[in-house]
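Starting off, we have a lone chain in the form predicted on its own, written out as structure tokens.
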Amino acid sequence: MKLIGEKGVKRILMLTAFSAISALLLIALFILNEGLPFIFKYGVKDFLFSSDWNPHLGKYGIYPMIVASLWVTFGALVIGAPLGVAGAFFLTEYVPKSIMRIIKPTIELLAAIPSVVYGFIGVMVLAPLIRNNFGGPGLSLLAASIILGIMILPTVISISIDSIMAVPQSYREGSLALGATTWQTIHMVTVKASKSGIIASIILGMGRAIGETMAVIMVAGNSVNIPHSPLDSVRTLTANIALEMSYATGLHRQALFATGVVLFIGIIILNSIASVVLRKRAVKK
């Protein structure tokens, strides 16, 4: 380090930071360059709100896949967000610190499991269970929501734990000293003090659910239709890109890039919301 000097280290770090930003900008420019011309050529309304997806006939409406993506994401949040937040509060408020230090890294290891493993479990275990007990094909919106709900748990739990642990211990001690129970302290003090961080964890979990591909391809059924029941097979935006990009050419290929633009913008909006929430939390502190 002495040979490089402080200015040299600063330049190296700056170069590293700018290389990451440059890579993101290049990806964004590539996707936008490939997808935006098609959207303006085909028509924003026809592309986003038409229900006809038939590339062989020149029809590229992605509305059913937008609806499917939203429903699958919503279902994942209904399952994963309450479990994740409840698990975070249990680990921080009720479990001894020594045990929590073991359990938290174990939960975070779930994020390292390949999505295809989750999809395989969904196909072999979850889909037959749904088919035999509720009917339908088994590979459905419900199966995709459950699998994604499990997959977002590490994100929700980890960030929620960090947010809860950031609440000063004096807040809890003051509440308990006034005669509140542990649950009343959690409900009236800890939840309110860590609310913005918990919301950010849910938003980031939502971004993970929207962007997931392989597990959804395996368990959602991949039928291009607007779902009328949780037991219906659906196809999400990410699944559509992954399934058809290998053989798409011409306008079909451009339509898939345009689908990527819609996804890209949606995830940027979610991440921006999470950043604003976290920034407000930091300012309040």
Partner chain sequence: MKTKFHIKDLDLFFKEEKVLKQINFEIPANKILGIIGPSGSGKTTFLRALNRMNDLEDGTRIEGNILLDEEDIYKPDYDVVALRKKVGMVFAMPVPLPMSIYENVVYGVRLSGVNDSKLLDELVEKSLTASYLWDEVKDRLKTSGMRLSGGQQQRLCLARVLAMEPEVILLDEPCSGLDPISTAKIEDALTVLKKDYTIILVTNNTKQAARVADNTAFFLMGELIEIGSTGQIFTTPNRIETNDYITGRFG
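Residue numbers count along the first chain shown, from 1. Just so you know, these numbers come straight off a predicted model, no measurement behind them.
Absent from the display: the form predicted in complex with its partner chain. The rest refers to it.
Any of the heavy atoms of residue 132 lying within 4.5 Å of its partner chain in the predicted bound form?
Flag for residue 132 set to no.
With the cut-off set at 4.5 Å between non-hydrogen atoms, does residue 195 touch its partner chain in the predicted bound form?
Flag for residue 195 set to no.
Can you tell me if residue 115 lies within 4.5 angstroms of its partner chain in the predicted bound form, counting non-hydrogen atoms only?
Residue-level check for residue 115: no, no contact with its partner chain.
According to a 4.5 angstroms non-hydrogen atom cut-off, is residue 174 in contact with its partner chain in the predicted bound form?
Although its partner chain is absent here, residue 174 would touch it in the predicted bound form, with heavy atoms inside 4.5 Å.
Just one of 178, 125, 86, 78 has a heavy atom within 4.5 angstroms of its partner chain in the predicted bound form, so which one?
Exactly one listed residue reaches within 4.5 Å, namely 178.
Taking 96, 170 and 188 together, does each of them reach its partner chain in the predicted bound form with some heavy atom inside 4.5 Å?
Every residue of the candidate spot has a heavy atom within 4.5 Å of its partner chain in the predicted bound form.
Its partner chain isn't shown here, but in the predicted bound form, which of 204-212, 152-160, 117-125, 96-104 has heavy atoms within 4.5 Å of it?
Looking at the partner contacts, the answer comes out as 96-104.
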